[in-house]
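Just one chain is shown here, as structure tokens, and it is the form predicted on its own.
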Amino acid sequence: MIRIAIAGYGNLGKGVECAVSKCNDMELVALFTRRNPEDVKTVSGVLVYSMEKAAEMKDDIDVMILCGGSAKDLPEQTPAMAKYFNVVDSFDTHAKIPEHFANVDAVCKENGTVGIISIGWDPGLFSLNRMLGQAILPCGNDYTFWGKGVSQGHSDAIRRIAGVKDARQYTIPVEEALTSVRNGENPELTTRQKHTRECFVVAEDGADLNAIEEQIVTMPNYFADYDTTVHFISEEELNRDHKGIPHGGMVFRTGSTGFDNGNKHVIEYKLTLDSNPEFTSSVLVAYARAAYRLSNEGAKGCKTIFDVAPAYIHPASAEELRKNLL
């Protein structure tokens, strides 16, 4: 049995707890939290410890799955935990992945551990499909669409505006753009042409709704480059109609083959997710299996989804995979 531990017990950590319970080759042995362990009630009943106790349990854990945020938690926690454990994280700040990789790689190589970073669906599965598409169709174009789904980061950005009590933001692909890509037309699309954003906002009593809407639609890096619609609704409506965290998206590679590039091809990979964190957790757990197997083979250092052979993430043996899936 692969002994798994979780660092962090938010939506992602709860998803990992559930995903591990579905795996016959894994057991959850510990949960680490920055909160008072006595205040954390888990579904599985796994023992809960303070984050500071993790290093003391080095010999009891095969893989630590890190479930903190990318902005502040993972840049510090992943290298820190990699001193003692094989680690897997879902670091998703695309521009900073090379820096994060270098930091984790140095610690893993020094301590003989394996780290697999930026695991999820984007970065993660979408990244892998972009790479495959480019390798197979060198003459072509990439397109990535996200949604329809809740963007947790954008929702949080709205909640930080003065006068906002709660909010959900949906990213929605533009149908005309999707149709053009699927038809192999290879359109050149601006940010605004690919996605729209729809916001559902619960305002504080007496708040200036016009001011809130103006701050949302003009917010740089979040909404200013998109056609954005803002709806003000009651807290009851938000809890009733926007409680879940669905998401998904599509990766396309459109290209051509033949000496005259006369034959057109479209590759499409699509995800439709009822729960963004639970699906991401399932990907993390599969790659925890890979981290364990790589470590047993003597590997050390940092890896990404590009570096891990698919057979390492599946519970079946190589012989079984060749017989049943090839």
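All values derive from a computational prediction rather than experimental measurement. A residue's number is simply how far along the shown sequence it sits, counting from 1.
FYI, the form predicted in complex with another copy of the chain isn't displayed, but the following is about it.
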For this session: Would you check whether another copy of the chain, in the model of the complex, lies within 4.5 angstroms of a non-hydrogen atom from each of 208, 218 and 220?
Result: no
For this session: Report the residue, out of 40, 273, 57, 29, that has at least one non-hydrogen atom within 4.5 angstroms of another copy of the chain in the model of the complex.
Result: 273
Problem set entry | Contact residue in the model of the complex, chosen from 238, 106, 136, 189 - any heavy atom within 4.5 Å of another copy of the chain | 136
Exercise. Of 227-235, 252-260, 148-156, 78-86, which is the one stretch near another copy of the chain in the model of the complex, taking non-hydrogen atoms within 4.5 angstroms as near?
Worked result: 252-260
Exercise. Hey, in the model of the complex, is residue 171 touching another copy of the chain, heavy atoms inside 4.5 Å?
Worked result: no
Problem set entry | 4.5 Å heavy atom contact, residue 112 and another copy of the chain in the model of the complex | no
For this session: State yes or no: in the model of the complex, is some non-hydrogen atom of residue 269 no more than 4.5 angstroms from a non-hydrogen atom of another copy of the chain?
Result: yes
For this session: State yes or no: in the model of the complex, is some non-hydrogen atom of residue 279 no more than 4.5 angstroms from a non-hydrogen atom of another copy of the chain?
Result: yes
Exercise. Out of 62-101, which residues reach within 4.5 Å of another copy of the chain in the model of the complex, heavy atoms considered?
Worked result: 94, 97, 98, 101
